[in-house]
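For reference, the chain that follows is the form predicted on its own, supplied as structure tokens.
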């Protein structure tokens, strides 16, 4: 089959308001065909990963603009620099699998099928958002996509995700659970309790530690004494690996092995993905605690630029197709922002609905 230099991400169904792209092999293939032999990425796959990373960053940039314009209330968090980790990991999942992402994993939401419109409805707390305006950012659940978004106490998601993995094992559904935690969150009790339970019971669970150098303002050297956070896996009797979280192909291939292992009933895997948080903890944080020059050094490993250079060098991406992708993403995000901005807030009388059990 001829591989097109352009990209398809099932534009009509998954991303309302987006513009047309040529159809590629990645759109119509089964999950097995899509991943290729041995979990290796095809050229259409790599283009799709590139698209999702670019879309995630453009969404983040739009979120920051809305925050600075006073249109977005509450915290504004970005995954700038973390796109390869979020996108590459979620790309290893199938529709039947469950995703428990964090606040910097917007790319994972998009890969799992979430629309840009729903993302901005949620951030702008509109009445037709997934939480009906009662919460913002990634604090939502979308059972239709098997996405269960983050709670503010991030470590508390781990026992919840392990509980879902236990249910899947009991039902013999063949699905897996992918969960994320930060370097700081890996120090809390729920991390140990959840991972230990998953290991003892050999549950279909993958836990990704996003080591992005800082837990809010605390550098990693003041958080743990181990050389690698993945070394903790040996204490649970499970595989642990540390990878370069700016290399999307490596992230995918590592997570694909962990997913296949979990699906075979061989238990969980701990993956430490080393990245850099290129912005502050939130939009209100100027990151003045980051040592001078550190961001500049990590900017040289920008995950999007890194993949783009490879795709251009391999002639999978051309300047013309790159421009078309950029224009399509801009139109998609502009449409989502406009749609959400024009959507109504929930009526005041509905504030108490859905808060308490009947």
Ligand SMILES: Cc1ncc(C[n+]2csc(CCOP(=O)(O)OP(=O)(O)O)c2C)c(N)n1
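Treat the numbers as computed from the prediction; the structure is a model and nothing was measured. Positions refer to the first chain, counted from 1.
The next section is about a form of this same protein that is not shown, the form predicted together with the ligand.
Judged against the ligand in the predicted complex with a 4.5 angstroms heavy atom cut-off, the residues 104, 154 and 281 are in contact without exception. Interface membership of residue 215, defined by any non-hydrogen atom within 4.5 Å of the ligand in the predicted complex, is confirmed. None of the heavy atoms of residue 133 is located within 4.5 Å of the ligand in the predicted complex. In the predicted complex, none of the heavy atoms of residue 267 sits within 4.5 Å of a heavy atom of the ligand. The closest heavy atom approach of residue 183 to the ligand in the predicted complex falls within 4.5 Å.
From the list 111-119, 166-174, 95-103, 254-262, the contact stretch for the ligand in the predicted complex under a 4.5 Å heavy atom rule is 95-103.
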